[in-house]
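Form predicted alone, single chain, as structure tokens, below.
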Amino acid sequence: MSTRPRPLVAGNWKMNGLRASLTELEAMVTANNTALSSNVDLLICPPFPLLQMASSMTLDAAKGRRISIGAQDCHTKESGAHTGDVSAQMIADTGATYVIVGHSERRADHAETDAIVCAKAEAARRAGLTAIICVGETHAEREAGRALDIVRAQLHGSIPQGMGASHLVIAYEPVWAIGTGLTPTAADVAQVHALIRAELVNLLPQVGADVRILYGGSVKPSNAVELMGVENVNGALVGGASLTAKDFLGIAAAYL
């Protein structure tokens, strides 16, 4: 077993943000001092139109990448007649290094299956990107006592064979907690994250202990310390609170 994976706090801007919003990203870059960057990795995933500008803003010629940039989705194919879609290669070409796949909003709004999510994660790997694969149960599934079964099935169906720890992050986001203000108890989070870690070690014996597992779902500065302290929680996937530098950095400060 390795030591605890280095934390990652990732922000998913979803369908929010115009060019003017990049002032918040600029503030995050400026405030990402040595004390913070030595303890935690930061990532912002803005909408596609902002990827190139965001990538340029976060690259310091002297110090390298101050905050990583990622996309919120990618197509399974490298190119072709897929109007309106964006390939992982195109994302990598902007300087971005991560891509979120299988978010519950994609699974629900676009009927994405585990097989599709797996193909997108594989496309990300081919392009040299790190895939953040999202899993999580609905409120009805939790109430029915099926949360662990749902998450286990999503992991088995969504993770490509042979993934390395550097190309894979898992984000547990209980669907019922996303943007609702509702948050599972620390014990609930610990239970699911323990399952995810065990399944990762089973599926990827060589690297499963090193893959980062993020918690997402109504994460905010006021509950970040408690949630980030849970066993097998290696960071957060943050939604609305990542739109402002104050809130996003307030969550990351849980690692100071």
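Start at 1 and count along the sequence shown; that's the residue number. Predicted model only: the values in this text are computed from it and were never measured.
Although it is not shown, the form predicted in complex with a small molecule is what the next lines describe.
- Each of 12, 217 and 237 places at least one heavy atom within 4.5 Å of the small molecule in the predicted complex.
- Comment: the small molecule is not present in this chain, but in the predicted complex one of 122, 105, 112, 137 has a heavy atom within 4.5 Å of it, namely 105.
- Screening 80, 162, 145, 179 for any heavy atom within 4.5 Å of the small molecule in the predicted complex leaves a single hit, 179.
- Partner contact region in the predicted complex: 217 to 225, out of 204 to 212, 190 to 198, 22 to 30, 217 to 225, criterion any non-hydrogen atom within 4.5 Å of the small molecule.
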